[in-house]
Each structure stands twice: as structure tokens, then as C-alpha cells.
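Shown below, as C-alpha cells, is a lone chain in the form predicted on its own; questions about how it binds or moves come after it.
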């Protein structure tokens, strides 16, 4: 089983249903660009406190691994119960931006993550005071806000108000803020010159069909508990996989999960062209065209 890593090889002892569950489970692959971004996040985490903290915007297309990357970073810096101290320590807090740029709902989300009692109908300034007090108490060192492009769902005034909230939190807490979103998020931040200067955009581009992509396929293969080698990096198969996923790592992961599960169910135990043709896959651009046509 040299085509598998130790963990995947051990999973071959499981039942087919259990193996399929493992295949469909999220997995982390430390590809080069992800390692660069993680290193930048580590640098931010230890940045000395100041009145003008550097921030970061991780920007990329939908389904291209942004959220998984920052969640990986958060998992490397989990909350600590701090049994010898007064209270829990939370070095990194991961929160999702509300569906619309609403300051109160944003504070509600933070308070819920910290298991703090609060009144949903309280005035925004009371929630703001509670949030800042709590985040200082837990020793926050970085605030990560996912889906920041949601702020574009509000009118210009609401967008500006929400951007001012980010500015205020950064100034009060003196911690870096990392936002994660699509190119819409970049455009939103550019509307505020102060925030535009503070947030360094870090791009997660779509993959190219190159050596890094072939290495990515090889890494995926080592993690999929199939009894036979698929040779995903083979020219014919890798070209087809790139075409089907269109260079999005999230699409590639879902595609290989579907193909891997089918390979187990069919008893073939490897991914080949026939299996890729059999799983009823629709590429991202074809999905969009179907929606644009109304079904």
C-alpha cells in the first residue's frame, strides 16, 4: 500500500461504509500557497500591540479553500481552559460576518461564540462594551472574520458603519483583524481609505495546471483509502481532473470524494476515467450556465 499514507492505509481495515465516511470527511493538505498564508498569519499573531495594527484580507473565489485555510490556523491556536488562571484564554476567535452588515448581529455572534449571556434586544453600545470587555478578558490576540463580502448586501451607509466597527475594534483591542472573502470584499474595503491601507490583501488564486497541481493530486491520492493506486497525477487523468474542477481546490476535493466513494461502492478500488464519467459531475461553469438559463 505504498500509494497511501499510514493513516489511509490503516483505514483499509474499516468496512466499506466506514471508509466512504472517511473519504467524505474534510482533510487538510498543506500546499505551498497555503503554507505562505499560514506563515503570514503566524507573523501577525505575534505582532507587538500598537494603535495601528496591521490586518489582512484573504481573498479568493468561492470554493477555493479560504475558509478551510483560516480554520486550519485557528485549530493550531485553540482556546485554553487555563486551569491555573482566572478564565479561559482565546488567542484566536473565528466569527462569520452576518448576512447583512448589521453591527448588533455581529456582536451577538461574538457573544454566542464566547458563551456569554446577553439580551438580543440590548442597545448596540451595550453589546459593544460587553464584547470589548470580554475579548480583552480572554486575551484575544487575533480576530478572524469570514464571509466579509456579506457587507456588500447592505446600502452604502450600512457598509460604512460596519467598516467603522472593524476600525473601532482594531483600535480598542490592539489586535490584528483578518478578514476572509471574495473579490467583493476587496472592493468594499477599498471604499474606506484608512482600512484599505491597513488590510494587506493576500490572494488565493485558482490553480494552474502545473507541477504544484500534480503534487496536489498526489497528496489527495495518499489520503484516499482505496486499495488500488489511481495514479491521479498521470497526464490523462490529471488533465481531466483539472478540467472538471476548473482549478478550484474545493471543487477538486468534492470531485475526488465523490469518485472515491464510487470506487469503493463499485468494488473498483481506484479512480479512473470511467469512474469520473460515471459520477454525474457538473463543472462550476456549467452549473452557473444552468442557473442562468433557469434550470
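Remember, predicted model here, so these are calculated numbers, not experimental data. Positions refer to the first chain, counted from 1.
Note that the form predicted together with a small molecule isn't included here; everything after this is about it.
Proximity to the small molecule in the predicted bound form, defined as a heavy atom within 4.5 Å, singles out one entry of 233, 40, 27, 268, which is 27. At a distance of at most 4.5 angstroms from the small molecule in the predicted bound form, none of the three residues 47, 73 and 179 contributes a non-hydrogen atom. Contact annotation: residue 68 falls within 4.5 Å of the small molecule in the predicted bound form, judged by heavy atom distances. Mapping the unseen interface onto this chain, residue 242 falls outside it, with no heavy atom inside 4.5 Å of the small molecule in the predicted bound form. Under a 4.5 angstroms non-hydrogen atom cutoff, the small molecule in the predicted bound form lacks residue 238 among its neighbouring residues. Contact between residue 226 and the small molecule in the predicted bound form is not found at the 4.5 Å heavy atom cutoff.
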